[in-house]
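First, one chain by itself in structure tokens, the form predicted on its own.
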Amino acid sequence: MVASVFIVDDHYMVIEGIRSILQHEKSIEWAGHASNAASCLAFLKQQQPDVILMDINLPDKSGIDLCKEVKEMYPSVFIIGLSTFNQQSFIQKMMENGASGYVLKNATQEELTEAVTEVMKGKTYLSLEASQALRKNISAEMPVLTRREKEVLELIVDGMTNNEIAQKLFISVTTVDTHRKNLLAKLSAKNTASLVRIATQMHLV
């Protein structure tokens, strides 16, 4: 299967560098490039590539915001974040906004090809540096939960209500509610859905 790849970056040298790396790959077809968010969106109105390599720093809009916009309009297009920045916050925001991968601009031909191939399969691809940055930050920010909080969290993830949890653990509904509020605070979650997502990402359950 041949994947059409489009790149959004405001540095001509980067575009040319990546194009020269990918042009000899039999599984990749070059779809073109854009130097800003506006020209990227204009191109997408005409045709949609399989994969977009998207710079995070664009002159007219953040690549993080553009990623979200493109995924909302064209959900079938896979996006790989492209950056010189190996900061956990950038990586996380790109992934939250729908990106399927994240690579650094110093990526090798093998890495870029693998990234495109993996996201085309519906998988997530993080370059070694990106996954290390995510792991390092997650372990540094790992909240300390009490034994009871862990029990309550596991039951919340299982979809149980406060009443059901109270009955199962032989504690009052008020106590369950207190544990739930503590968990929301410790994991910086806005609601139960985000609590479950964050807990899963952090491998707490």
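Rigid core (definition): largest C-alpha set, two forms, superposition within 1.5 Å. Position 1 is the first residue in the sequence shown; the rest follow in order. Here the structure is a predicted model, which is why all the values come from computation and not from measurement.
There is also a form predicted in complex with the DNA; it is not shown, and the following applies to it.
Peer 1: Which listed residue (47, 27, 167, 174) meets the criterion of a heavy atom within 4.5 Å of the DNA in the predicted bound form?
Peer 2: Filtering the options by heavy-atom distance leaves 174.
Peer 1: Considering non-hydrogen atoms and a 4.5 Å limit, which listed residue (11, 19, 181, 197) is close to the DNA in the predicted bound form?
Peer 2: Only one listed residue qualifies here, and that residue is 181.
Peer 1: Within 4.5 Å, heavy atoms only, one stretch in 159-167, 29-37, 49-57, 65-73 touches the DNA in the predicted bound form. Which?
Peer 2: It is the stretch 159-167.
Peer 1: Taking 4.5 angstroms as the cut-off for heavy atoms, does residue 188 touch the DNA in the predicted bound form?
Peer 2: No, residue 188 stays farther than 4.5 Å from the DNA in the predicted bound form.
Peer 1: In the predicted bound form, does residue 23 come within 4.5 Å of the DNA, counting heavy atoms only?
Peer 2: The answer is no: residue 23 has no heavy atom within 4.5 Å of the DNA.
Peer 1: Is the C-alpha displacement of residue 13 equal to or greater than 2 Å between this form and the one not shown once the rigid core has been superposed?
Peer 2: No, shifts by less than 2 Å.
Peer 1: Residue 173: after superposing the rigid core, is there a C-alpha shift of 2 Å or more between this form and the one not shown?
Peer 2: Yes: residue 173 shifts by at least 2 Å between this form and the one not shown.
Peer 1: Given a superposition on the rigid core, I'd like a yes or no on whether residue 149 shifts its C-alpha by 2 Å or more between this form and the one not shown.
Peer 2: Superposed on the core, residue 149 moves its C-alpha 2 Å or more between this form and the one not shown.
Peer 1: Would you mind telling me if residue 66 and residue 192 are closer or farther apart in the predicted bound form than in the shown form, C-alpha to C-alpha, with a 3 Å or larger change?
Peer 2: Residues separate in the predicted bound form, at least 3 Å farther apart.
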